[in-house]
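Presented below, as structure tokens, is a lone chain in the form predicted alone.
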Amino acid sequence: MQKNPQPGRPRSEKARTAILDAVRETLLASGYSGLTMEAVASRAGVSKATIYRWWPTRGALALEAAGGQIAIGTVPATDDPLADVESAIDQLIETFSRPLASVVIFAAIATGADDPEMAARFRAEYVYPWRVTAAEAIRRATGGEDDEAVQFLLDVIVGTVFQRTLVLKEPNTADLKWRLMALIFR
């Protein structure tokens, strides 16, 4: 069975790449507040209509452009549960410390009321996969903590890493993982 062709011109990979590069450059230079379709169109050498044809909002555009940078990943399940929890914390610190990731993660959280689709997509695609596997790692490492306790520990981990990397903007993360591990496994 043959697919129906999409209306309009086919998506140009060259234009797509130029747009996503322009988004990354704009986010790093001006932050999310400086990300406008006009700025991206000008920098990428395309029309605003081209951008809107493929991305309905600047939130969708930012998430796609930064996807590789904001992807926290999932926590491996190895035969060493403590190492798995270390890995979970490392993934979070490393992701939140990336300059482009910090801009987009903060935007996804801060603009949730104005762009609920961006916030929901960020949670579904980037936060929840990590959080589910990190919870499993904590459960294995602590001998089966109840879900409420595990969720609280995750909140402490994420909140601390968020504060250090995204809010303070001068993160002191050298011993952060070990402090969090000591807190979890007291």
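Just so it is clear, the structure is predicted and the values come from calculations on it, not from any experiment. From 1 onward, residues are counted along the sequence shown.
FYI, the form predicted in complex with another copy of the chain isn't displayed, but the following is about it.
No member of the trio T17, A124 and A135 reaches another copy of the chain in the predicted bound form with any non-hydrogen atom inside 4.5 Å. The partner is absent here, but in the predicted bound form a heavy atom of A149, alone among A149, L28, A60, A41, sits within 4.5 Å of another copy of the chain. Taking a 4.5 Å heavy atom cutoff to another copy of the chain in the predicted bound form, the contact residue among P56, G144, G45, G159 is G159.
R164 belongs to the set of residues with a heavy atom inside 4.5 Å of another copy of the chain in the predicted bound form. In the predicted bound form, at least one heavy atom of L168 sits within 4.5 Å of another copy of the chain. Looking at D175, you'd find a heavy atom of it within 4.5 angstroms of another copy of the chain in the predicted bound form.
A residue is said to contact a partner when one of its heavy atoms sits within 4.5 Å of a partner heavy atom; L100 fails this definition for another copy of the chain in the predicted bound form, lying far away. Only one listed stretch (61 to 69, 45 to 53, 136 to 144, 151 to 159) carries heavy atoms within 4.5 Å of another copy of the chain in the predicted bound form, and that stretch is 151 to 159. Taking another copy of the chain as it sits in the predicted bound form, the stretch 103 to 126 comes within 4.5 angstroms of it through a non-hydrogen atom at F106, I109, A110, A113, D114, R123.
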